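First, one chain by itself in structure tokens, the form predicted on its own.
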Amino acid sequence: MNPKTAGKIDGIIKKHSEGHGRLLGMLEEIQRENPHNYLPADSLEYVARKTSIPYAKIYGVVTFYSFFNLIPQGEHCISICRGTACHTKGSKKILDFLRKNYEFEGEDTNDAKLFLTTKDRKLTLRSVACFGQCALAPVVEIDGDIYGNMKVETLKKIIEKF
């Protein structure tokens, strides 16, 4: 890890030195500071050393919460809900459109656990089990914003703005 990154992490650790949930806040900020919006292993190891929080606990937190990433993300992230309501309302059609029209890399094995990124790192495509917004199905999250009643044409327009 370079000294600049270590310095940033030191500042984040200091900022989140007290209180319940400090680890979550710390990890969220470290991830946001990373240009590819993820938590590299060396950053997690550094946090473990500096905070005396066992690495296994940190890794457990990161792998439990779906908003943490262990793999570099694209500039824009599109998450497609694959829950029952979204599936019956067309989320598969949205997913298929994205797969067909963008050159994603990664292991494209099943719709339930999808994580693909374009070669140019502009887009990351993920699937999630459920956003808990079933009344708005199909639901898509784009860069942290939730969109309900998503249609392929609407998604095309949003992506064109990128």
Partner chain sequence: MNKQVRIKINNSDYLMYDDITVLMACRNAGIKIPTLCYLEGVSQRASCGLCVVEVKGAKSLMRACVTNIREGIEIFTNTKRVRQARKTNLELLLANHPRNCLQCNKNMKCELQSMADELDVRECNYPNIRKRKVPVDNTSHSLFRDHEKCILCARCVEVCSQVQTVDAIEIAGRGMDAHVTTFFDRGLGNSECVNCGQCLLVCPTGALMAKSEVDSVWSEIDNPEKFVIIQTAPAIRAAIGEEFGFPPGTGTTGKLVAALKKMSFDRVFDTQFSADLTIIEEGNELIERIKTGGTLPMITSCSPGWIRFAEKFYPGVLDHISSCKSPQQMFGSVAKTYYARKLKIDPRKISVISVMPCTAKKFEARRPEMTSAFEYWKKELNLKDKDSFPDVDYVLTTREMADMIREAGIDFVNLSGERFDSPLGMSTGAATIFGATGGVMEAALRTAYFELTGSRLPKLELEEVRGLKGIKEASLDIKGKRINVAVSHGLKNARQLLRQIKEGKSPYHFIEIMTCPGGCIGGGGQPIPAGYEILKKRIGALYQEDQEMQIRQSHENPAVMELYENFLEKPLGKMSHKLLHTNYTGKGIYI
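Residue numbers count along the first chain shown, from 1. Note that this is a predicted model, so its numbers are computed, not measured.
FYI, the form predicted in complex with the partner chain isn't displayed, but the following is about it.
- For the chain shown alone, F97 is not a contact residue for the partner chain in the predicted complex, no non-hydrogen atom being within 4.5 angstroms.
- A residue is said to contact a partner when one of its heavy atoms sits within 4.5 Å of a partner heavy atom; T63 meets this definition for the partner chain in the predicted complex.
- The closest heavy atom approach of A135 to the partner chain in the predicted complex falls outside 4.5 Å.
- Contact check for K113: a heavy atom falls within 4.5 Å of the partner chain in the predicted complex.
- Of the candidate stretches 27-35, 98-106, 118-126, 65-73, only 65-73 has residues whose heavy atoms lie within 4.5 Å of the partner chain in the predicted complex.
- Contacts between stretch 42-62 and the partner chain, counted in the predicted complex as any heavy atom lying within 4.5 Å, involve L44, E45, A48, R49, K50, S52, I53, P54, Y55, A56, K57, Y59, G60, listed in sequence order.
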